[in-house]
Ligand SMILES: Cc1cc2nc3c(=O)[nH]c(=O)nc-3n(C[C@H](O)[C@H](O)[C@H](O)COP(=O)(O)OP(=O)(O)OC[C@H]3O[C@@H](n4cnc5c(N)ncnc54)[C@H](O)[C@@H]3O)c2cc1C
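Heads up, the chain below is alone and in the form predicted on its own; it's given as structure tokens.
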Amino acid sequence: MIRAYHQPKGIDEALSLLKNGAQAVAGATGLYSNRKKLDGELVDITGLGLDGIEVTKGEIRLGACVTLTKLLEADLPGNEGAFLKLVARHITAHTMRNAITLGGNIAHTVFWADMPVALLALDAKLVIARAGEAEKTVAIADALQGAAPWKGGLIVKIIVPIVQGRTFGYERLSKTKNDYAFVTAAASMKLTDGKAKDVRVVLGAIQPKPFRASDIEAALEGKAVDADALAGAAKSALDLPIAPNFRASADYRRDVTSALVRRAVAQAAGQE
């Protein structure tokens, strides 16, 4: 049962509560997402000023309590801004986007979450605060691999680097707009003299956490993204690990993954 609901007036008070085992809550859309019985205290972080958006010459800095709706309404620069909006627009319905926050979508790390896939393709970083400690910046790639570095603390900001000439592709398949995805695929790259550089191919909803398809990235790196390269990426995707899932067979989701990888890479390369 929920024993207490706190509304701290400042970040230090919130961090003190979180250090002692309370759970942060903002939009609360993920509160029961793992069907676990809650037994503890909740800390409402929506009044801590963590909903700001700041754009500098080289970064987009997003507060952890920025909702998907606020993200869609913001004036965000470059291909990175357009990509963030594209992904947010495909996540559930408007009413839910009013509640879902960026920090919450990351912190709950449910397999179907969409924003971690996009942020991994963006090489984003997380700023994490803990009681009595200096803020720490962690690459989201590192944060998703190990134990959640925000446990006992709080994600306060997401930093997205703006990289000149970086392009993106994004594909998602679900039964309905409000449904969880069968597969989510994102790709990013820079095209230099017609060849792909700094390639990122990220998959979500087929494993407990989103991950980079390193074999596909390596096969595309430094190569022209032509028909053969796209066919090779699609074929390699058939070998990616697919976790058991009650929503569809592994074979079906494997075929979908192959198709979406091809399309996301083609989009990033400006071919779709």
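Remember, predicted model here, so these are calculated numbers, not experimental data. One rule holds for the numbers: they count along the sequence shown, beginning at 1.
The following text describes the form predicted in complex with this ligand, which does not appear among the structures shown.
In summary, among the residues L144, I159, A107, L71, the only one with a non-hydrogen atom within 4.5 Å of this ligand in the predicted bound form is A107. When you look in the predicted bound form, the only residue of L238, V55, A28, A224 with a non-hydrogen atom within 4.5 Å of this ligand is A28. For the three residues V163, E171 and A268, a heavy atom within 4.5 Å of this ligand turns up in the predicted bound form in no case.
Only one of 72 to 80, 196 to 204, 134 to 142, 150 to 158 places residue heavy atoms within 4.5 angstroms of this ligand in the predicted bound form, namely 150 to 158. Contact check for L86: no non-hydrogen atom falls within 4.5 Å of this ligand in the predicted bound form. Under a 4.5 angstroms non-hydrogen atom cutoff, this ligand in the predicted bound form lacks I216 among its neighbouring residues. In the predicted bound form, none of the heavy atoms of L17 sits within 4.5 Å of a heavy atom of this ligand. The closest heavy atom approach of I91 to this ligand in the predicted bound form falls within 4.5 Å. Taking this ligand as it sits in the predicted bound form, the stretch 57 to 85 comes within 4.5 angstroms of it through a non-hydrogen atom at just one residue, A64.
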